[in-house]
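Presented as structure tokens, the chain that follows is alone, the form predicted on its own.
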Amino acid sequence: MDLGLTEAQEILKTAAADFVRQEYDKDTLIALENTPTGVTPELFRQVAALGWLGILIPESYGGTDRSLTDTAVLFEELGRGPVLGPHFSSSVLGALIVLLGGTEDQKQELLPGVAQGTTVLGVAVTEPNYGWIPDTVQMPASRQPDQYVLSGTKLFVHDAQAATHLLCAARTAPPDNGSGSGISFFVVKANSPGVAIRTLPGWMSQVDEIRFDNVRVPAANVLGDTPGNGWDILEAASMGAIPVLCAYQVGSCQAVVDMAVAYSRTRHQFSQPIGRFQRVQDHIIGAVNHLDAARWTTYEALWKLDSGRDARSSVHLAKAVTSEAYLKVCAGGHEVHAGVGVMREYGLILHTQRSRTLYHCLGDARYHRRRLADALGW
């Protein structure tokens, strides 16, 4: 198993690092944190021009058709920012759902726009009864002769304010009628009559509530040829999307460790750098250990996926380890920085807030530990 980067991946890593450094300075990141979309149209166009929004999309649909590891290398650098916006929701999770579940016509309609940045996908799955199992999706899709009617609420949806199209999971059949999970994905234009989106208040970033009030969706907008297998599509897409999300968190962990080390060298107390104090060293060493665990579990999962191996256990392990590592690295960073770390202008809070925002995305650590046990047959 070789987890080293290829020459092409090193070039991509350098290009992404330069872009984040030049375009996402601290003041820009702080300003974007307070916007509903987390990105400006100009910045999003720049990312599209670099080909990064179509990094997982095949060339036949306007993308660059890179590997999951290539995508993770890019997202690790975005995580160092941390760069906000719908890059993951649209270009990774949303794109994979369409690729794995959509008809040829749906792929041709949606994916070129995703690669160009003119179409932005938001994935609406979770509801007030929050969870990442099929039973928590209860929003009904009522069938009419040539359309469906959606009514209900989706909660904790990432980047819905930025979306032009929503991939909404709704129940088209009971789970025990032989039609799979009974859940289907619907392609819904975000500006459709009856769709209302609001950003949720609180200590998270770009997480939204979507209300569907008798939203009429053409039957042709059911993703795929067979209604009722939407959860299987989500599970398959998540296997590829989760390690990319983990790589983003790895990049953020690295940024926090770098900040803590630099501060420990420049902050003096009792006429010496605080990095000489053992307790400060303990916090930094703990953060480095969590970072290393997150990095290597993530890239092992990516290696297995790209080499065609069974990666289920590794994906669940990576998500469980990385979600908790991001929280603990940020906690260690605050221990090192003390008071200055809570100043928004300093920048550490951006990572801390992001660690809380992403902790539950696609399942929290406890959920993935259970899935890991299932994958190992325990």
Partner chain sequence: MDFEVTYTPEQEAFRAEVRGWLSENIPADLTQPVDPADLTLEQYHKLRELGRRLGAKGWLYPTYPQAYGGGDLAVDVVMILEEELDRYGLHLPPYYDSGGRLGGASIFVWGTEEQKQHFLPPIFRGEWRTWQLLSEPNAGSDLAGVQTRAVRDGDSYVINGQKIYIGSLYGCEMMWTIVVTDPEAPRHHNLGWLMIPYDLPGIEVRPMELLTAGGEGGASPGLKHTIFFDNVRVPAFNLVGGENNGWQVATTHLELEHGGGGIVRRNRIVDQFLEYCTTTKHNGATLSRNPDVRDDMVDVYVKSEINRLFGLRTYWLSHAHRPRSYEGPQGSYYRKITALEIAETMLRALGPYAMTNDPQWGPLQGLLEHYQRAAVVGLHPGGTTDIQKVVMSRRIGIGRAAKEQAGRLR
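Nothing here was measured: the structure is a model prediction, and the numbers come from that model. Numbering follows the first chain given and starts at 1.
Beyond the structure shown, there is the form predicted in complex with its partner chain, which is absent from this document and is the topic of what follows.
- Though its partner chain is absent from this view, in the model of the complex it lies within 4.5 Å of a heavy atom of just one residue from 214, 138, 108, 118, which is 138.
- Exactly one listed residue, out of 202, 193, 308, 145, brings a non-hydrogen atom to within 4.5 Å of its partner chain in the model of the complex: 202.
- Of the candidate stretches 217 to 225, 94 to 102, 298 to 306, 79 to 87, only 298 to 306 has residues whose heavy atoms lie within 4.5 Å of its partner chain in the model of the complex.
- The candidate site formed by 16, 21 and 66 is entirely out of contact with its partner chain in the model of the complex, as no residue has a non-hydrogen atom within 4.5 angstroms of it.
- Remark: residue 275 counts among the residues lining its partner chain in the model of the complex, judged by a heavy atom distance of 4.5 Å or less.
- Taking the partner from elsewhere, residue 284 is found to have a heavy atom lying within 4.5 Å of its partner chain in the model of the complex.
- Using a 4.5 angstroms threshold between heavy atoms, residue 156 counts as touching its partner chain in the model of the complex.
- A residue is said to contact a partner when one of its heavy atoms sits within 4.5 Å of a partner heavy atom; residue 128 meets this definition for its partner chain in the model of the complex.
- In the model of the complex, the residues of 311 to 342 lying within 4.5 Å of its partner chain by at least one heavy atom are, in order, 313, 317, 321, 324, 327, 328, 331, 334, 335, 338, 339, 340, 342.
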